[in-house]
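Read the single chain below, which is given as structure tokens and is the form predicted on its own.
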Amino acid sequence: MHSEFILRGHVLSYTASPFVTETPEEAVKVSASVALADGRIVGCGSFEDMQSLLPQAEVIDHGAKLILAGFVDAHVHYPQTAMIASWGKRLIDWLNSYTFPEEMRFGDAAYAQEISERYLDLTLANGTTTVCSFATIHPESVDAFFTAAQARGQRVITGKTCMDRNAPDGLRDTAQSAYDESKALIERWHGVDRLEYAITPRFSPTSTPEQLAAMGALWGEHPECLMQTHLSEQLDEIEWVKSLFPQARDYLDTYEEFGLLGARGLYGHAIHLEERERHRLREYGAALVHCPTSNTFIGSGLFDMAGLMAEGQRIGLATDTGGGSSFSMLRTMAAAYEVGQLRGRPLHAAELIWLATQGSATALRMEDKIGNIAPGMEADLVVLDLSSTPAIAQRSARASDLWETVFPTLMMGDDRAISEVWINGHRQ
């Protein structure tokens, strides 16, 4: 079985963030081929150079297609797969009406396995190679997801969701059981193959101060782990947090007070931030995760990409399935563009692709492993057909440069644009 490959096409890689270069295009390098060996990228450049690097490699010619790092989805809820696109509710009612009843089913290991496999199949079809997912309160939900990803050789992150109040019977743990079960899962899974654990308090309203303190203590004992939660998604949620934590300076303070603010922290949504919160997040180097399809679908608000990037915040991009209404990072990039337009700052195609690859990898503190095409990186790739439908093909045919060719696929593309996916050097 071949372990060396040369892929020909338009290979897009980043030398910097397009948000900090003079123009977004300056951050991008386009090569004619990329060489893979033993699950790693060993080079990208001219076909002749790659052939001299790997003379025995199998050559796969993708013609005019675009070869990118695999998409990295930095905030998802895989247990919400079956109830994606549920109608008409805002956050708190949406959780009670749709999410919590579905999540109660994940104590059944067979059901958790079925949805894990389905979710990874759906995301693979959309070119996503790494996800950072919330599980449910059930350890079985973590075991199932890690087991399914491990069998595929995927780099994924997940963690047992912790909730000990404001959730239904059967979907609550305790401060102590959340600590004990999370600790056992870290010991079982963290760092095994390409798997990483994220300590996962759902959000402040569903955890008592005692549980938040227990999660903070666990993170202090395992600082190598990521910690994921939600922050300032909707205005009525923020008011709820204020009523539950009257002493807190703001929403972020409900995490900060309990040791849940740090450089390896992932804060989903972060739409309605106060100045102190923005300052503290930047000071710690924490990551904010933009979930545009979710933010419009459940009416949360418009993320301040331009302002937060200008401050130097660390920002990733995510589908937030099933609050988000698509498994596709292409659809998510389109939504991020639309939100940017509504805020008066449309995003360039180079910025959108960076957010969906290197930006999200940077949010996950994995930018040295995934999210870019460069020597030494893990060989997770997606090949995009830039003429995947008649509507896209007729538009891209009129393009005068690469970015005009790519942009219609970002705006109108779906799983039909995903020509090929590679995970850990293996064609899927």
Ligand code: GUN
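From a predicted model like this one, the values you see are computed outputs, not experimental measurements. Start at 1 and count along the sequence shown; that's the residue number.
Not on display, but discussed next: the form predicted in complex with the ligand.
**Q** Could you spot which one of Cys225, Leu218, Ile298, Leu124 gets a heavy atom to within 4.5 Å of the ligand in the predicted bound form?
**A** By the 4.5 Å criterion, the partner-contacting residue is Ile298.
**Q** From the list Gln80, Thr293, Thr128, Ser182, which entry has a heavy atom within 4.5 Å of the ligand in the predicted bound form?
**A** Contact residue from the list: Gln80.
**Q** Candidate spot Ala16, Val20 and Arg314, all three in 4.5 Å heavy atom range of the ligand in the predicted bound form?
**A** No, because Ala16, Val20 and Arg314 lack any heavy atom that approaches the ligand to within 4.5 Å in the predicted bound form.
**Q** With the ligand left out here, work out from 141 to 149, 353 to 361, 93 to 101, 189 to 197 which stretch has heavy atoms within 4.5 Å of it in the predicted bound form.
**A** Flagged stretch: 93 to 101.
**Q** Though only this chain appears here, would His230 touch the ligand in the predicted bound form if you measure heavy atom gaps against 4.5 Å?
**A** His230: yes, in contact with the ligand in the predicted bound form.
**Q** Does the ligand get within 4.5 angstroms of any non-hydrogen atom of Asp73 in the predicted bound form?
**A** No, no contact at 4.5 Å.
**Q** Hey, in the predicted bound form, is Arg264 touching the ligand, heavy atoms inside 4.5 Å?
**A** Contact check for Arg264: no, nothing within 4.5 Å of the ligand in the predicted bound form.
**Q** Within a 4.5 Å heavy atom cut-off, is Phe327 in contact with the ligand in the predicted bound form?
**A** Contact with the ligand, no.
**Q** Which residues within 264 to 289 place at least one heavy atom within 4.5 Å of the ligand in the predicted bound form?
**A** The stretch 264 to 289, when checked against the ligand in the predicted bound form, contributes only His269 at the 4.5 Å heavy-atom cut-off.
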